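The chain below stands alone and is given in structure tokens; this is the form predicted on its own.
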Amino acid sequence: MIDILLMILTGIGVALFGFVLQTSIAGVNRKVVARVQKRYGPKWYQEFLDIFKLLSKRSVTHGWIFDFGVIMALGGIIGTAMFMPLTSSFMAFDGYDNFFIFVYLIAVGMLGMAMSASGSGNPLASIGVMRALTTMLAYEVPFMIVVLTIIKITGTSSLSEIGLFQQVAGNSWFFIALPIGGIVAVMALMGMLGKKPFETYIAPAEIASGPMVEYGGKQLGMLFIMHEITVFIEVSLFVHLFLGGAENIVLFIVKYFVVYTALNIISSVYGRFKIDQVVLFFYKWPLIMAITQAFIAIYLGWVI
């Protein structure tokens, strides 16, 4: 019983660490992007101030589904983050860092968000949810093909074991060993994070921030926390699957920072696709590239 309680507390600590890490790096990145666009940018801790200010305000409700969906979304994402290994040897729940656990659990948070936004009654929120789910269906297919290729090569779906496989002498990071798949994973990650040109579900100039249009106060603050932890999960997955994980926490933070900053810089110089362009794009080039990489790696055995 004590061991289980300790694992739960450790998992909550991992989720809290992910929130603090991502919110801090997001604040730094706001200044980096501002410099790219020749602006000064806000202070690096502005993200924390915004969230705490929102949590101190009252919010409007649109019914129990609207309120419960926010709790479900945040709870689902926190529960997902609790299983994330920080290094190849440190995780809250040893043996439960299976990739498919993250696929199933993260859907709980996304569905909670969709349920809450749809319950607001605002048509712009419903359009945003529809766009988000459509975009998810578009990037998930090529990304899953690449990940299944990695699982076939390593013989495991454990994130820590996949990371250790890449750390063995003679093996390369899968971003290098599977270069075509690595490019597909980068494009899919940009879709997961909602970075341009795949920012269709928010599209401020078209649908007034999409799913989040009706939120304010505590509810919006909770969704900001959910967003930061979701980004932590998705970038961490990329680090473990394609960059060899990390032997220690410092190396993990460095890899995490480099990946997230690189994607933000790329996003800052792109425009935004239309929703039909997003779907056509992912079902064209990334899907073809993912299938090609799977054929080369599995059937021809060509891995760098």
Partner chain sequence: MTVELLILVALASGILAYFVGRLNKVLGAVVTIVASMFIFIMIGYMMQDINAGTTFNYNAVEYMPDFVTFMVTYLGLFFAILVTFIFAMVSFFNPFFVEKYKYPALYSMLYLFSLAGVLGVFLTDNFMVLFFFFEFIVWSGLFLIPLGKNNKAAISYYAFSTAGSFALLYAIFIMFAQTGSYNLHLGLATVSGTTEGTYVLALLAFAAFAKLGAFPLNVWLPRALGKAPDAITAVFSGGLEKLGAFVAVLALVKLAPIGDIAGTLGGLTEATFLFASQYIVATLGAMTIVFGTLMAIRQDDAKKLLAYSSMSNGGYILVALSLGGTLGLSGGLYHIVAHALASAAAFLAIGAVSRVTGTTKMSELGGMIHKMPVTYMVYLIAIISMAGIPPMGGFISKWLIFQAVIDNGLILIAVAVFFGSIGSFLYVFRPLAALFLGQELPQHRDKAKEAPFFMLLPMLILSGLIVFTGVMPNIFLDFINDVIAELGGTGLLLGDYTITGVNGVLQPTLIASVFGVGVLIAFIIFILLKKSKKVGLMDTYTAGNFIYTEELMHYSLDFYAPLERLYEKHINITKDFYKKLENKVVDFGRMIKYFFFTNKPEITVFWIIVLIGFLLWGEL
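Predicted, not measured: the structure shown is a model, and the values here were computed from it. Numbering follows the first chain given and starts at 1.
This protein has a second form, the form predicted together with the partner chain, left out of what is shown; the following refers to that one.
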Inset, instruction - Consider the chain as shown here, without its partner, and state which of 177, 124, 183, 233 has a heavy atom within 4.5 Å of the partner chain in the model of the complex. - result: 124
Legend entry - Partner-contacting position among 55, 259, 253, 243 - heavy atom within 4.5 Å of the partner chain in the model of the complex: 55
Legend entry - Contact check for 74, 119 and 141 against the partner chain in the model of the complex, heavy atom at 4.5 Å: yes
Inset, instruction - Using a 4.5 Å heavy atom cut-off, state whether residue 218 contacts the partner chain in the model of the complex. - result: yes
Inset, instruction - Report yes if any heavy atom of residue 267 sits within 4.5 Å of a heavy atom of the partner chain in the model of the complex; otherwise report no. - result: no
Legend entry - Contact flag, residue 172 vs the partner chain in the model of the complex, heavy atom cut 4.5 Å: no
Legend entry - 4.5 Å heavy atom contact, residue 93 and the partner chain in the model of the complex: yes
Inset, instruction - Taking only heavy atoms into account, state which residues of 142-168 are within 4.5 Å of the partner chain in the model of the complex, ordered by sequence. - result: 144, 145, 148, 151, 152, 155, 156, 157, 158
